[in-house]
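As structure tokens, one chain now follows by itself in the form predicted on its own.
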């Protein structure tokens, strides 16, 4: 504990102390990461709700922006680990909302690209700004040096986890 501040994980550790075989330090680290991910997800969903978006809409627009504003449905589906039918449903919803449009290929009419519309880019930009503020607010409890240290430590953990995939 930092000073006398107690969090929900401290209470979790006390509740389980002596009842289960685990390393309390490891349990504290892992449970805090899990709880922070849960809180971040809730904060981000609330931020998206401010602009009238759901997470699946944002993630699809996000991938399109990263791809330069245009991608094939199959590429989007592969990146998002969705079935082609699942991606079609998402794109139908986004297209009805005017956030994306489907465009036939000029050279190959069988090819369909998905393009971000100006409305889609504007909404994505607004959502990104809100999400950025939410993330900054959460991390602002740490000074710049602590943020750098935490980032380095989390990177080491992530590299370890990714090496076991």
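Numbering follows the first chain given and starts at 1. Note that this is a predicted model, so its numbers are computed, not measured.
What follows is about the form predicted together with the DNA, which we do not show.
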Triplet 50, 98 and 117 all within 4.5 Å of the DNA in the model of the complex via a heavy atom: no
Segment assignment from 54 to 62, 22 to 30, 136 to 144, 122 to 130: heavy atom within 4.5 Å of the DNA in the model of the complex: 54 to 62
In the model of the complex, residue 40 touching the DNA (heavy atom, 4.5 Å): no
Proximity of residue 112 to the DNA in the model of the complex, heavy atoms at 4.5 Å: yes
Residue 85 within 4.5 Å of the DNA in the model of the complex, heavy atoms: yes
Interface residues of 49 to 82 toward the DNA, as seen in the model of the complex [heavy atoms, 4.5 Å]: 54, 56, 72, 73, 74, 81, 82
